[in-house]
Structure formats: C-alpha cells, structure tokens
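Next up is one chain by itself, shown in structure tokens, the form predicted on its own.
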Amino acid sequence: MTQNAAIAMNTKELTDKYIMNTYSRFDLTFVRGEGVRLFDDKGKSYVDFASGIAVNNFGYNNQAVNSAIINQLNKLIHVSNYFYTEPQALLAEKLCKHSFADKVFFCESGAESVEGAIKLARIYAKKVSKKGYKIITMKNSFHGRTFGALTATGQEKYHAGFEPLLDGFDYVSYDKPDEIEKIIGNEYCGIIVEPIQGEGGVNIPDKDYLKKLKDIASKNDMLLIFDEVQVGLGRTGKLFAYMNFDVTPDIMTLAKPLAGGLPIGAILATERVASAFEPGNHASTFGGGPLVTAAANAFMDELLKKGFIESVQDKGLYIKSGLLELKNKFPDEIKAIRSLGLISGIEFFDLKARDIAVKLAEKGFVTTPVQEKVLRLTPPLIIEKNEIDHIIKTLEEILKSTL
C-alpha cells in the first residue's frame, strides 16, 4: 500500500468514526487542485464540473487570490467589526458600484445571508412599510439549513424531522406569479426567490417572471429578495443573475464564490431598505473579516477584468449547444436541458443522476446530482471549450453503455 493510499484510508476511517453522518460522500479523497483539475490521493486527476458547488469560480490555486490571502495573513486575520478595516470597505465599494445596491452587510455563509435578509425585510416592515411579517417563497427552492433559511426552502425533504418550522412563510409555485396575486395581502412584507433554482434542479424562469414579481412587490409595498448565493458573481454569464432579466431586487444575498473558497456571505440592499437596520439590530462576529475580504477583493478584481464575463457567456452558449445536441442523440434518456452561462442541468427520464455522477467520476470528472434525476454542471468559469467537449463526449459514451 502506498503512503498516499494509507493516508486516504486513514482519512476515510477517521471521517466515518468522528464526523457526523450528514453527507452522502463519494468514495474520493482529494489532496490538491490546480486550475480546473482536482487530484486524489492516488494521483489521478479530475476535471472539476462542480466547483465545490459553484464556489471555486476561478478553480484552484488562483495566484491573485492566493497572494491576497498570504499578504493579508501576515498583517491581520481578524478584528472586531467595532473597528474599521480597509479590505472590508474596499469590497463593499466594489459590490455596490457594480450592482443595484447602496449598502452591504457581511456575514459568513449563504444561509446566514438569507437569515439576515429575512430580518431586514421584517424590520423594514415594522419600522417603515407597516406591513405584516410573512414572506412568500417558492416551492422547490433552496435557501439554506438554518431555521429561517430552512423554512424559506420550499422542499419538504429538507423539512422532515425538524418540525415545527418557523411561522411566517407561505409557498407558491416557481415561475407562476398569478399564484402570488391570489394570496397577496397586508400580512406579507416580502418575496424571496432564486433567479435560477439551483438545488431545485437548475430551473430557469420565463424571461418576464422576475419583472412580474417586482411589479407585485412594488404595488403592495413589499420587498423583493433575490437569493443569488449559487448563481451570482459571473455564474450565469452576467455579473449578477438578475441582470439577465432586466430587473433589480430590493435585497440580494451572495456567498459561495465571493472569497475564492473562504467562507463569506453578503446582504446587499438599497439605501431605502438598508436604513431600517440600526446598530444592535444585526451582527456577525467573523463577518467581513480582513482575511476573507482581502481574498474577495482579489476575486472581484479577477472577475471584473475586461472581457472575462463575456468569455463566460461564450462558453455558456457552447456548453448549452453541446448538451442540446446530446439530448437530440438520446431523446429517450434525456428529458430536458436547462442551461444559462455556466450552470446547466441535465434531467433524465429514468436514469438516476447520482449513478451518472459516479460513472463520470470513474472517468475523471466531478459533477453534482441535484434532485433524483437531474445532474448539475457548474464548472469553474475558467473552463476551456476542449474540456467541455470532453465531458459531453464522455456523457455520450456513458449513455450509450446504458442502452
């Protein structure tokens, strides 16, 4: 047994013995990454079409992000938010100048950003709009695992065993604004929606759907919250997903890729809405610390380089075309292709997405199943077209072998 294999076996044994069983792990132990590739304990390389669930937008070992982390590490890792730090201020400026927002609150994760958005909507209703406390959310949505975010999540499988959930959330069908019109009333203060449902199966709405939600919210003095934790920051071929739909929210949540792999979350809002928060209303001990915001500044600088977002659009059209061609070849196996930028969902009729993901891993690709029959592709934004060709060809070989 090689030394690496021994280390891997020990890692698996220690994991199984000491870590709570909350993940259905693949039988892989990764030890390093470079660009769009991950390497396991046996030295095998894998092209990453998962990006740590849409986190590693610049892949692995990005030198700009690494250098920013190392430089800041030697200066200051943490200081209380009772004081000012330059990396945090600079990141806030970048996010606001390149979005609809005027103000930012930093936290540590996507779930925490959703929790904060819910609190902001409720306190705005209490202080300003004088509306009720209830929030409309979508069936098949996903917003996180903490209790507010979990309750906002419109999937019963995530709720099971944790009842009673929080009061104040009502669910309607995604992409059907008429359902909101039927229940609207003064008891509601907000609507929360993913511009594209990620965990729900990569569901992309009608072009006018989000505009209709904005109209409903505006007419009823409610706040519109976009959860862009998974699809923001370049993933859809626009800097933010809402830019694909010609509409702006009142509040937006961000997280996953923002600090290049370090834990961070952010709540963005207009001045009108953000002013409802006062000192003492909300806080996060580690939120927006100097180390993670230094990394996030480097990430944003890379993302905002001239032509980069356009390259994501181009590769997004390329992968969509390739996947649609694959569907044409396998009309009895592939039910639907849903793709925008570099987030794609392949929905199968009968095949299990996890089975396909395991076979892809055997052939050197990392992907993530979402829902029982939907395989999600979220590669690093630096993926190349030849690597897209390779996974589509491999998928074709796998599908042929199932016939």
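Remember, it's a predicted structure, so these values are computed and weren't measured experimentally. A residue's number is simply how far along the shown sequence it sits, counting from 1.
Absent from the display: the form predicted together with a small molecule. The rest refers to it.
**Q** Though the small molecule is not shown, can you say which of Gly110, Gly190, Pro249, Pro257 has a heavy atom within 4.5 Å of it in the model of the complex?
**A** The residue in contact is Gly110.
**Q** Taking the small molecule as it sits in the model of the complex, is Gln230 near enough to touch it, meaning that at least one heavy atom pair lies within 4.5 angstroms?
**A** Answer yes; at least one heavy atom of Gln230 falls within 4.5 Å of the small molecule in the model of the complex.
**Q** Applying a 4.5 Å heavy atom distance criterion, does Gly144 contact the small molecule in the model of the complex?
**A** Taking the distances in the model of the complex, the answer for Gly144 is yes, it comes within 4.5 Å of the small molecule.
**Q** Out of 85-93, 135-143, 320-328, 173-181, where are the residues with a heavy atom within 4.5 Å of the small molecule in the model of the complex?
**A** Of the options, only 135-143 has residues within 4.5 Å of the partner.
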